[in-house]
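What follows is a single chain, given as structure tokens, in the form predicted alone.
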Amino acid sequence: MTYAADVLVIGGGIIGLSCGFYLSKRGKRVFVLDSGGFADGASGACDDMILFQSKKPGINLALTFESLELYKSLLTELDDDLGFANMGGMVLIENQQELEIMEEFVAQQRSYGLDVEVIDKRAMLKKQPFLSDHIIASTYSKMDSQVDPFSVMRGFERKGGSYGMKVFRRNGVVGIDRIGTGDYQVVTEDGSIYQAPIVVNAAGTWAGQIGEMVGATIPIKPKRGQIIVTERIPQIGDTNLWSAKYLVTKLRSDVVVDLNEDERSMGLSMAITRSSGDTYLIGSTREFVGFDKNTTIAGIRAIIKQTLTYLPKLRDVNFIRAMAGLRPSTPDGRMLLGEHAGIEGFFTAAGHEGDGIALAPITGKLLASMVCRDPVDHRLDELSPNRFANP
């Protein structure tokens, strides 16, 4: 049986649903095709942050500002609180070298309009009184916010459905052909055929495999992120927390941070966020292990050990589950967003790695604008998938 639509979106995670929602809002008849169940992929095994402080001045930071404003408007539009919270965030600094690097980085971010500052130990402990004594300072930004990814996805699906969007799950794509009319025919595991002039590849970590079906080069690799979830506990401190180690290694490849060989191979870096359910999400690892999304004892132990060096108070807190997701990473750390040259009507919106939650609304809105042939936004040229067309 053949099902006809204006746009087929492949991938039903938060990016695919955002694309589907904004396209259907623009009047397009949209089908979203997904190989798994609701939130089976990375969108259901991640933290919940709209994090500004991890981003260098440039397109990713600019789009995060726009995405935050969209999230605020979605609270009304989707008629849901989306688990939105604005606790702010602190990046913890452990030595003088980290302090100097972070002071320079914060100055760059401030010049770009981000409300962020470096605060001394006294001010830091006022916001987070249970931190380990070895932490010498931190950054602080009141702009870092968070949402519940599950609520956002349900909201996109529910509201998109009211515009006519349909979501088909547990039926993976096995082939894509171009027929004489110029339309794409997408074949799924059960033999169904979906036909449309436009295909949006929002398959996350699997975007490369979908691209191969039409001859598109999409160099996305899976990066496993393990996270543990605590039991419900009273709030510890006023903000969410990250260690500076990860940022320092991103900013200065010549600097060697204090990690043992196992921690380094896991890409371990501390992140603690308080969920809307009064639990804490604590992570995480960044591992290149292919498409293996199992949690590991070694990974969980490393996360716990590292967390206690920052917050010894958590020693008596139980964690109730662990999860791992495959973050879609790109060679240059930027997502792919746009139409593939020479493959008319085939778009990709993928490769967000750890920024999928933060950038979901703006990704969907911009993708819909591209599909609807609005005036070109040249800021987005650097995100074009064609930057990888001739490696």
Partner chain sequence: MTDDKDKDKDMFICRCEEVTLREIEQAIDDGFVTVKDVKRVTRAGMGLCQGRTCSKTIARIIAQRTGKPLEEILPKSFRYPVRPEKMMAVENEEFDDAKNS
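Note that the structure is a prediction, hence the values are computed from the model and not measured. Positions refer to the first chain, counted from 1.
Heads up, the form predicted in complex with its partner chain isn't pictured, but that's what we're talking about next.
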(request) Give a yes or no on whether each residue among 223, 241 and 273 has a heavy atom within 4.5 Å of its partner chain in the predicted bound form. (result) no
(message) So, residue 297 and its partner chain: in the predicted bound form, are they within 4.5 Å at any heavy atom pair?
(response) yes
(message) Taking its partner chain as it sits in the predicted bound form, is residue 282 in contact with it (heavy atom to heavy atom, 4.5 Å or less)?
(response) yes
(request) Answer yes if any heavy atom of residue 157 is within 4.5 Å of a heavy atom of its partner chain in the predicted bound form; otherwise answer no. (result) yes
(message) residue 37 versus its partner chain, in the predicted bound form: is there a non-hydrogen atom within 4.5 Å?
(response) yes
(request) Counting non-hydrogen atoms within 4.5 angstroms of its partner chain in the predicted bound form, say which of 264, 250, 169, 178 makes the cut. (result) 169
(message) Between 131, 85, 99, 304, only one gets a heavy atom within 4.5 angstroms of its partner chain in the predicted bound form; which residue is that?
(response) 304
(request) Work out which of the listed stretches, 226-234, 136-144, 186-194, 112-120, brings a heavy atom within 4.5 angstroms of its partner chain in the predicted bound form. (result) 226-234
(message) Under the 4.5 Å heavy atom criterion, name the residues of 312-327 that approach its partner chain in the predicted bound form, in sequence order.
(response) 314, 315, 316, 317, 318, 319, 320, 321, 322, 323, 324
